[in-house]
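For reference, the chain that follows is the form predicted alone, supplied as structure tokens.
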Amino acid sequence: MNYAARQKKLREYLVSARLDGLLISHLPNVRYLCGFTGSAGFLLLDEAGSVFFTDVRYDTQAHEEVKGAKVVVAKKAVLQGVAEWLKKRHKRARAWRLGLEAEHFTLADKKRLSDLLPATIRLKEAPAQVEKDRMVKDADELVRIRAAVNLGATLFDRALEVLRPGVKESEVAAAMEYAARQQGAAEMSFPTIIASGARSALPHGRASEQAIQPGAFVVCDFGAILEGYCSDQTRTVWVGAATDEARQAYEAVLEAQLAAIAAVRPGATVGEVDEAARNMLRKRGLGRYFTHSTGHGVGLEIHESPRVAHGQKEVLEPGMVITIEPGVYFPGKWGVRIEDMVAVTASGCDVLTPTSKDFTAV
């Protein structure tokens, strides 16, 4: 990972944002900029360079992981260490503007930091510039994301081995999560969703103790984190002898998903991609049963920008990685969702998820 280049780009942004410094508090952003993977740390960037602050628990880890920044280990609270360092460095009377990540820095921490700093250091809310930079993945990130996707795809194979009538949703999820750990996953991207029967109509129905019954769909939504990067995939299977109604609903969702994938290309907006899926379901008379957005960005976090939703204007660029996941949900009955991860390329897109999308009954 080219941490120096990422920090340089952000440092150049400070000039246009009229900031003298920027304090990064959101840990995925900290990791993106300097490589630190622990749970406590701040990264301060200004024209002179970068300084990473952590506490004594991460002394060794920080010195091993952090790239492109001086490491300062606070003797007390980390935020207090940031304040003490700033006071020593900026003793001059000139006002100094420090940007804070407005979407992540709490009001309590802002007050705490403000109380510790002299009046000459002014705290300013900064836009989510790091998240904007993170939308476009570099070559190293794409390699890691593809590896995470490939690992995730094997988990569906494991699900099909254990998913049978009478088996609990939680037992299917446990088998998948154990398989992920065996293959080197640090953890799951999110709590595994195995939602059967009427629960498959819940878009985020986490695995429960409910036993799987025949005559309905099971939505399997899952992902794993490998080397820091997330995967996300959904497949929906039918249990028992499939009905024509079930097959028709599934085919409608698949058509919508393929239409949205076909709309992914540089220069297209994420809103246009969402509309491609939505329009296909409207033609099938199912538009009102599609109740969520078509997708989202994925990377160091499972939900990143851009949001692939109605009316969103973000323009797709090569290197962006998004999910395409339309679905239809009939409350009290069942639901269907199909999801792949897609990388935007110079000429269109590359579907990263290798798993078949054929209708499957178990």
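Heads up: residue numbers just count along the shown sequence, starting at 1. Every value quoted in this text rests on a predicted model; they were computed, and no experiment measured them.
Beyond what is shown, the protein has a form predicted together with another copy of the chain; the following relates to that form.
Colleague: Sort through 107-115, 79-87, 251-259, 273-281 and report the only stretch with a non-hydrogen atom within 4.5 Å of another copy of the chain in the predicted complex.
Modeller: One stretch meets the cut-off, namely 107-115.
Colleague: Counting non-hydrogen atoms within 4.5 angstroms of another copy of the chain in the predicted complex, say which of D221, E131, E141, E177 makes the cut.
Modeller: Of the candidates D221, E131, E141, E177, E177 is the one lying within 4.5 Å of another copy of the chain in the predicted complex.
Colleague: Consider the chain as shown here, without its partner, and state which of G184, G240, G166, G267 has a heavy atom within 4.5 Å of another copy of the chain in the predicted complex.
Modeller: Going through each option in turn, the one that passes is G184.
Colleague: Would H63 sit within 4.5 Å of another copy of the chain in the predicted complex, counting heavy atoms only?
Modeller: Answer no; every heavy atom of H63 is more than 4.5 Å from another copy of the chain in the predicted complex.
Colleague: I'd like to know if H292 sits close to another copy of the chain in the predicted complex, meaning any non-hydrogen atom pair within 4.5 angstroms.
Modeller: H292 belongs to the contact set for another copy of the chain.
Colleague: Whether P191 contacts another copy of the chain in the predicted complex should be assessed with a 4.5 Å heavy atom distance threshold; does it?
Modeller: Yes.
Colleague: Give a yes or no for Q213: in the predicted complex, does one of its heavy atoms lie within 4.5 Å of a heavy atom belonging to another copy of the chain?
Modeller: No, Q213 is distant from the partner.
Colleague: Do heavy atoms from each of S39, Y58 and H204 fall within 4.5 Å of another copy of the chain in the predicted complex?
Modeller: Every residue of the spot touches another copy of the chain in the predicted complex.
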